[in-house]
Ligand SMILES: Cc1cc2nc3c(=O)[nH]c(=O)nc-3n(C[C@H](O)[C@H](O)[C@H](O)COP(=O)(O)OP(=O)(O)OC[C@H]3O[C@@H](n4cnc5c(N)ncnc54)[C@H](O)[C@@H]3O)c2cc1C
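Single chain ahead, by itself, as structure tokens, in the form predicted on its own.
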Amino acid sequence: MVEGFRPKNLREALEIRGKLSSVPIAGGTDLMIQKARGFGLKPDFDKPLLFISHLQELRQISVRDEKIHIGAGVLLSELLKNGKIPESLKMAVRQMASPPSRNLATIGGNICNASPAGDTLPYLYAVDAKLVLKSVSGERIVLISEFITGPKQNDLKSDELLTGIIIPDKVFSANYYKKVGTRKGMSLSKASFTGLADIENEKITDIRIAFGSVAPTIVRSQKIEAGIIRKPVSEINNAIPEILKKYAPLIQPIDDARSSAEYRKQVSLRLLENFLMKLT
């Protein structure tokens, strides 16, 4: 039987994490599926479980210094109900899983799962989300793009917990999100896309573009974005073919049970084209 720990507070959780190799578990909606062995068989955990869903230190949402601080244990359903959370992030959360799953799953779990199909990830990459990683010895803050190192791989140390996510308290003038799946909700993404932009005096002053499910990690190119910034919106339509050409090599999906690589690539470029056309 797998051993389990239910710490009283975050400090105790970090102490357990520092002393013992363990598996942090909050909602478990991804983790339990990954460890499943079949009907009627217990999940295949080879390390003790560290239950953290009840820790109130991980369930807070606050705004400080023009930043939104989201606890890693905040439920997806709580994100939808909270007025501080940007609508652009809520667009993605609304199409994640089913209502019962959203009442169990946490934003921290979606990040640590590190799936290229993670629904919150394109938005979090687009806004340069920072992650707060704590251990008994201290704290470090890293960009999400540095934390996720590959499919199902992250930079969480054996003595650390992801405790918070920091995003800008900002509303973009253009917000676009699309998820392509077998159905609108309760399905894994074949491809997903987040586009954010600010337009002032008929010029693009900021733009963020991120693709999900089409590479080992989320695809975002700040270099290409920089080439779009300062363009008049009247020139965007003519620039679309060149922008698509620049993004095409970065989109490197695979064939799997959900979709073909060719479909994923073509639909991703279409979503980008549609976003850019809407800016005009």
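We number the residues from 1 along the sequence you see. Given the structure is predicted, the values throughout are model-derived calculations rather than measurements.
This protein has a second form, the form predicted together with this ligand, left out of what is shown; the following refers to that one.
Taken together, the three residues 181, 244 and 268 lack any non-hydrogen atom within 4.5 angstroms of this ligand in the predicted complex.
Distance criterion of 4.5 Å from any heavy atom to this ligand in the predicted complex singles out 113 from the list 175, 135, 113, 77. When this ligand is considered in the predicted complex, only one residue from 196, 129, 162, 89 comes within 4.5 Å through any heavy atom, namely 162. With the partner omitted here, the stretch from 227-235, 214-222, 250-258, 27-35 that lies within 4.5 Å of this ligand by heavy atoms in the predicted complex is 27-35. For the chain shown alone, residue 104 is a contact residue for this ligand in the predicted complex, at least one non-hydrogen atom being within 4.5 angstroms.
Heavy atoms of residue 145 never reach within 4.5 Å of this ligand in the predicted complex, leaving it off the interface. For the chain shown alone, residue 16 is not a contact residue for this ligand in the predicted complex, no non-hydrogen atom being within 4.5 angstroms. This ligand is not drawn, but in the predicted complex it has a heavy atom within 4.5 Å of residue 96. Residues 106, 108, 109, 110, 112, 113, 117, 118, 119 of 106-124 are found to place at least one heavy atom within 4.5 Å of this ligand in the predicted complex.
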